[in-house]
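A single chain comes next, written as structure tokens; it is the form predicted on its own.
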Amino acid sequence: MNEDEAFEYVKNTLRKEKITPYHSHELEVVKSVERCINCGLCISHCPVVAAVGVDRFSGPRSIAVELSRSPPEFWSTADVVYLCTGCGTCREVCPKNVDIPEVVNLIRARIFEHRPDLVPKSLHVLREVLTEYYLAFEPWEDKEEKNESRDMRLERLGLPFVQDKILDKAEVLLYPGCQAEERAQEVREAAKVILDHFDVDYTLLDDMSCCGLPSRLMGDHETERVLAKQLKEKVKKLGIKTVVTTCAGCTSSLSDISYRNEWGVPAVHILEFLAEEIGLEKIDSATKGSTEFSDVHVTVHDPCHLIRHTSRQITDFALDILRQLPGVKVTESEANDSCCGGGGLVSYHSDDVAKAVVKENMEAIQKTSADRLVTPCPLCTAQIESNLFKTGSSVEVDDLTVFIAQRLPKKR
């Protein structure tokens, strides 16, 4: 038996025992668990534990220690590991930088591969959509109805329609993400308004496809790799220099896979692009003297995928831009960087947990006395808006990309 045959023999043996060897980058995550000093900070700061208690969700540390046990122990975590929102608070407060969000992803991947019966049924439905349409949401059957819905949203928000740009060569790829492509179309359209206003040389994909984050979060690494490869080929073919996103999850996901898969192209949120490439002076000049909108008092929600998985500086940019806009008063919420409850696909299968987590946000928002909440993430926007509406709150919710686009003067 030569070396290759021996390796295949070992792999087959492991497969029969429901064991998947770790890749080199996964081993770094595994090793980080050994640094845990059992201080309990991850548990005391976990928003899910705070919302539903340790009887329902035993917490980050209990999930992490499962990694060092045998595969059957992975299966025993199934009722807990899918309740993690992946917010990253545990990693942020950990004095030893144990990478618990990635531990969760590793465990979910092993469960998905070897015990798919333990994966929440709604995630299997999501996978069917992803593998059939390469999007996280089933696309509209009738394109005319989709356009009518778009136009109604634009009219209600007072936004102009900017024709899609599909170019062979451009400096920037505008990547709206699945939610803005098929559900929150106003976010996609608002990003076009902003880029067009500042004469950015950009293009959209002629065939939008998912970045693979939902597949990664459910543990479906096979579909994740297919989607990532497909997207890389599209990006490389375009020859663009920057990917600009409007979704917090897409920002963190694309930043990760573009680095890991050597795209040679950075992925940035539109807020970062505005602050660093357009510049605050240009934004101030563009909006100065605008009288179209009355004064408004806003508060801001910081998406976890931006502040903990990408960079807190992006939300600093958000505040800087908001303070440039005429008539906008900003009051920071006590829970501005607390999880909205919609991350980690939790809202797909355990809506009661997601609602319990977002409750802290809603209480803090009401304390600000703000008229409006803005957040640079379509998922956070939908999650918080839905829950505020159900409580009868008068606070309106806007995606921050839309809010900024509304305050740019219309091109003549």
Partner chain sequence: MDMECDLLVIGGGMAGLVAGTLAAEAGLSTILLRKGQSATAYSSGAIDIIGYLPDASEPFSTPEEGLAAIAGLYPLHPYSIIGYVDGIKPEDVVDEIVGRTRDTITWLKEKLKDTIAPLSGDFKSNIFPITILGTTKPTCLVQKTMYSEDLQTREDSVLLFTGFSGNADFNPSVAAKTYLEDRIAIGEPPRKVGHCTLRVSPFGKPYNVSSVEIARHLDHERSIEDLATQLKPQVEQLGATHVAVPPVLGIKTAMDNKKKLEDQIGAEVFEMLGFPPSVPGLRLQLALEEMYRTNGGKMLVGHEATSYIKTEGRITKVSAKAPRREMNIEAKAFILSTGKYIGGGLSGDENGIRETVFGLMTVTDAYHSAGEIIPSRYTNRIAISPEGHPINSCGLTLDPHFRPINEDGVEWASNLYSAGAVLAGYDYSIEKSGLGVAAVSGFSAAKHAIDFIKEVA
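Numbering follows the first chain given and starts at 1. A quick note: this is a predicted structure, and the numbers were derived from the prediction, not measured.
Another form exists, predicted in complex with the partner chain; not displayed. Remarks below refer to it.
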The one residue among Q324, S255, S149, S122 placing a heavy atom within 4.5 Å of the partner chain in the model of the complex is S255
Heavy atom within 4.5 Å of the partner chain in the model of the complex, from candidates R156, K241, K236, K96, belongs to K96
If we define contact as a non-hydrogen atom of the residue within 4.5 angstroms of the partner, is D220 a contact of the partner chain in the model of the complex? no
I'd like to check something about A51: if you look in the model of the complex, is any of its heavy atoms closer than or equal to 4.5 Å to a heavy atom of the partner chain? yes
Could you tell me if S215 has a non-hydrogen atom within 4.5 Å of the partner chain in the model of the complex? no
Looking at the partner-bound form in the model of the complex, is A267 within 4.5 Å of the partner chain by any heavy atom? yes
To test your reading of this chain, name the stretch in 370-378, 345-353, 383-391, 54-62 whose heavy atoms come within 4.5 Å of the partner chain in the model of the complex. 54-62
Using the arrangement in the model of the complex, list in sequence order the residues of 324-352 with any heavy atom within 4.5 angstroms of the partner chain. E334
